[in-house]
Structures are given as C-alpha cells and as structure tokens.
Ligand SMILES: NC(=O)c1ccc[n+]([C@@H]2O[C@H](COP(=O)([O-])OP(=O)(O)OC[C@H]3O[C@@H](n4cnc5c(N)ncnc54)[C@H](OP(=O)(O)O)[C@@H]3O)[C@@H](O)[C@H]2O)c1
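A lone chain, given as structure tokens: the form predicted on its own.
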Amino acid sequence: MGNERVVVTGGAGMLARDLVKVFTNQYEVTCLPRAALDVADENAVLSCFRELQPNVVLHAAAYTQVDRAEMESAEAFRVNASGARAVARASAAVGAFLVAYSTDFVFSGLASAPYGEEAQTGPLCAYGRSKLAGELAVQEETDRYAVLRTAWLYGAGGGCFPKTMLRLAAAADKPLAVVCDQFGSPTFSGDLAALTVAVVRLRCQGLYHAVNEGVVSWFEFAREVLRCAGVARGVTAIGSDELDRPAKRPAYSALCTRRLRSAIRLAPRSWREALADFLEEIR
C-alpha cells in the first residue's frame, strides 16, 4: 500500500484537495488539475497514465455548474460523460483501480425514503443526465472500479452552501430565504475522502452511495450552519418555485449508505457532526 501510486484528477477542486490530503500520508500521490490534464482528451489521458503508471485513479474532475449545464449541456457531457469514459478506458489500460464520483441528481426525487443503489434513475436536469452517462461509461470501460454517488457536497477547499450562508448572513440585515421543499444528504468532502481511503484499501468494486448520515432540507441545513457557527441570523422558508432556477432539482434525493457500510465495515458520520468539524476547520 505504501508504495502504491495514486492519480487524482480535477486537482484544483474541493474534493480533490481533501483526497490529496488524506491519501498523501499513505500513498504516492500525483494531483492533476484541469490545466495539466483535460480528462475528455482520450489520447492525453492514456499517455499521461502510461507515463505515471498509477495503481489507483481517483476521478474527481467534473463539470458541476448545475444551472449553467442547461445552456452548456454539450460541455457538461464532454467533461462528465466523455471524460469519465476516457479516464476509465485509460485506467483499464494500465491496470489501475478507478474510483469515480457521481451524484444524487441521477434520481427523479419522487422517493420518500433514502435511495438505494438499485433504485431506478431518472435525472431531471442536464447535469444529472451527464453524470449518469459518466457512471454508465465507467461500467462499460473497466471492471476494476467503484462509483461513489455523493450529495450536497461542501468543504474547506472551495465554494459551497455553508460558506455561502455565512457570507450572506454577514452581509444581510434580514432573514435569509432558503428552500424548504428539497431534502437530501449534506456531505463533508473531508469525510468523503476518508471513505474513499477505505474503498481503495479494500478494493470495493461496484456502485455505492457515500454521504454523511441523515436527511435534511436546505432550510434546516442553513439554520444548523448558522446556529453551529454562532451567527444570530434568521432563516425564512421558501418554496423551490420561488427561485425560478434553470435546472430542475429532485425534491428528495437522500441516499442510503447500507451497501457502503457493509463493504467497508465503517459507518459514515452524521451530517451534524461533520458540519461542526467543517465549521471548526474554516473558523
């Protein structure tokens, strides 16, 4: 394990930064930001992997602008689908174990209990469709992979919902308006990185849901962010239709982690516990 070589794509992103942080202690890590590798350039990816000869590839590169993807669907599919295919194909060519990341947005949001991996997909927006296409591409191109679906990701290394709430609360003189009719599983990128270490160590193959435990609305999440940070600012509940955003979001996209817990013999932390640690990290 100590001399295994790990390549992380999307190296300037929030998740990649936490992956590098936790993997560097145990592995030889090469971090590849977008400027160093366009993941959708199949020849470039294959050439890079042949040179680096990774044992493990952590594919964190992604197009994540959900609303913009409605106008830029070709670019979303280029990065999230073609990029995933190119990385999976190159990983297979060099015999590397691939971990790719997907999203709760592959679901329609019609469920009333956390989605399991076997649940029927039905993305409502271009971003979700592009990520689902990426999942399928990985499964077609290699048999040495783990696809980790995650949700509502936030972390110290990038812009995210909790940081936005704190910034708006500091500038506002009235309660913040946050949607109360979308429910999901807020996930700290540091915890997702730690779960990835376990997946890699055990070479858990297949599709898994990797989120912090618990189900919450954006409204409740915002209130807990401010409460935990000691910020005295109210939050007002509004409906999703009041925001009039280009991309349609699933109303309920919480994910069940039972399969992951069984595979790695480790239970993800509650979202509240993870949030408290995140706020302490950025304090």
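Worth saying up front: this structure is predicted, and the values here are computed from it rather than measured. A residue's number is simply how far along the shown sequence it sits, counting from 1.
The protein also exists as the form predicted together with the named molecule; that form is not presented, and the subsequent description refers to it.
- Only one of the listed residues (A69, V57, V225, A60) places a non-hydrogen atom within 4.5 angstroms of the named molecule in the model of the complex, and that residue is A60.
- The contact residue chosen from F107, Y101, Y208, F188 relative to the named molecule in the model of the complex is Y101, the criterion being a non-hydrogen atom within 4.5 angstroms.
- Put simply, I264 is far from the named molecule in the model of the complex: not one heavy atom of it is within 4.5 Å.
- Among heavy atoms of E28, none comes within 4.5 Å of the named molecule in the model of the complex.
- Residue contact check for A146: none of its heavy atoms lie within 4.5 Å of the named molecule in the model of the complex.
- Contact check for A12: a non-hydrogen atom falls within 4.5 Å of the named molecule in the model of the complex.
- Only one segment in the set 78-86, 170-178, 109-117, 197-205 has any non-hydrogen atom within 4.5 angstroms of the named molecule in the model of the complex, and it is 78-86.
- For the stretch 146-162, the set of residues having any non-hydrogen atom within 4.5 angstroms of the named molecule in the model of the complex comprises T150, A151, W152, L153, in sequence order.
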